[in-house]
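The chain that follows stands alone, in the form predicted on its own, written as C-alpha cells.
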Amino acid sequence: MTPTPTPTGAGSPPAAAEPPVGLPRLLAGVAGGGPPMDLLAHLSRHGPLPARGRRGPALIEVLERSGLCGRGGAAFPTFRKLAGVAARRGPAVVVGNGTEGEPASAKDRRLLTAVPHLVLDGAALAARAVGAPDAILAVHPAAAPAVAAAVAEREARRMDRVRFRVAVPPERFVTGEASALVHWINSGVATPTMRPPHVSERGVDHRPTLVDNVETLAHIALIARHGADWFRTLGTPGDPGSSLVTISGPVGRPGVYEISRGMTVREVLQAARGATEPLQALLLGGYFGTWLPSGEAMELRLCAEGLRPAGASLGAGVLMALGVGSCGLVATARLASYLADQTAGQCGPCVHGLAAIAGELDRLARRAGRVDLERLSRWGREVEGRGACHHPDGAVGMVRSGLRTFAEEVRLHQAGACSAASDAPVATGAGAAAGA
C-alpha cells in the first residue's frame, strides 16, 4: 500500500491530485486496520471536488462514458439511475446504501471506516446531479462512528451544500433492498414495498430518491475528478473499473481486496495468499450467489461477460472458498436456513416456501432420511418470481446451484453417508474479513 501523504496545512487550499495509476484506487493511502483518513489527508490524497463541469447533465454524461455499474449487487448502470431521478420534478433525496446485510461481505464497512470522505464526496456529487438538498448515509453499526465523524469534519468547514444525515438501520439481510431501506427511513419498518411507484419516483418523504451503494458513490467521486477514460484503464471494455471483494474460507489471508474487473478467480485468490487446502468449490456473489466447482471457477474472469456463461455474477463482491474437508451440502443448507429466517415475513411464498425448502435441505444435510429431490425442485419453481422483492429468487438460485455443484454429495447423503472429513461447522460468513 502507498503510505498516506502528509496533510496540507489548514490555510492552504488543496491542489488537484494526480489520478491513481493501477491499484488501489478506492483504498489508496490507507493501511489495513488503521484509523479513517481524515479530511485534510483525504484532500491531500484526492484533491478537492470539481467546482465545475461535473454537475447535473455533465456528471451523468461522464458516468455514462465511464461504464460504471452499481457495486451493490444488481450492477445497474449508474448513469441511468441518476438520470431517472434527475428527470423527476421537485427536490430529490440521495441515500447511500452501506447497510451490508450480506453476511459474507465486509467491503462496505471497510470502505466507510477507511475512506468515509470518498463516499461523502460521491454522495455530494450525486446530490448536485439530481437536485437533492439532502443525503442520508444508511450504514452498518460498525461504520457509523467513522461516517458521523467525517460528516462533522465537513460541516465544520462548510464544504457541502447538501445536508448529510447518518442512519443505522436494523441488521437484517432484506434491509439493504432499496424499497425496504426507504420504507425504514420513512416509517421505521424495514420491509420491501410493492412497486410501482419505484423509489426513484416516490421514495423518502415521497420525494424522488436515488439509492446507490456506498462503493458506487466512492467510484463517482473518483470519476468526477479523473474522468471516464481514466476509469476505463482498468477492467474490461464491457465491465470497466475496479471493485472491492471480500474473500473468505481456507485462504492464507481472508479480507477485503480491491481488484480490477476481469481478473480471474485464481489471480484474486493468489492475492489473498492462495488456498490453505485443496478447494472443492467457490460461492461467487454472496448468499444470493452461485456455487461453482473449483476446477470450473478458477479461470473465470470476474466481470459480467466472464461470469455470465457460468450463470454467475460478482453480486455483492463475495468469493467464499470451500475446502475439500467441508461438506458443500451442509454449507448450502446453512445458507438456505439463514435466508429462510431473514424473510421480511410479508409474502406467503417466501415465508412458507423458503422455510419448506430449508427444512428439506436440513434433513438431507443431517442424513435424516431420503428427500424427494423433484419435490424440492418444484417448490423452488413455485417460489420464484413471487413476492414484493427478489429475496426468494436469490435464495432459490443459490440452493439450485448448490444441489447441482454438490450432486455427488447429495447422492451420498441420500444413502446416509458424507464425504466431509469431519462434522465441524462450515464457515459461511466473512469472519476475519470483516476487520481486514
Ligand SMILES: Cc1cc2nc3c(=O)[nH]c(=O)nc-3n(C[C@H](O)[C@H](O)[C@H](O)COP(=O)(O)O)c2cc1C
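In this text, residue numbers run from 1 along the sequence as written. Since we're looking at a predicted model, the values are computed, not measured.
Not pictured, yet referred to below: the form predicted in complex with this ligand.
Residue heavy atoms within 4.5 Å of this ligand in the predicted complex occur in exactly one stretch of 404 to 412, 35 to 43, 64 to 72, 374 to 382, and that stretch is 64 to 72. Under a 4.5 angstroms non-hydrogen atom cutoff, this ligand in the predicted complex has residue 216 among its neighbouring residues.
Interface membership of residue 357, defined by any non-hydrogen atom within 4.5 Å of this ligand in the predicted complex, is ruled out.
Using a 4.5 angstroms threshold between heavy atoms, residue 319 stays clear of this ligand in the predicted complex. This ligand is not shown here, and in the predicted complex it never comes within 4.5 Å of any heavy atom of residue 119.
Think of it this way: in the predicted complex, this ligand has a heavy atom of just one of 281, 211, 126, 104 within 4.5 Å, and the residue is 211.
Just one of 231, 79, 173, 287 comes within 4.5 Å of this ligand in the predicted complex, counting any heavy atom, and that one is 173. Contacts between 368 to 406 and this ligand, taken as any heavy atom within 4.5 Å in the predicted complex, involve 390, 391.
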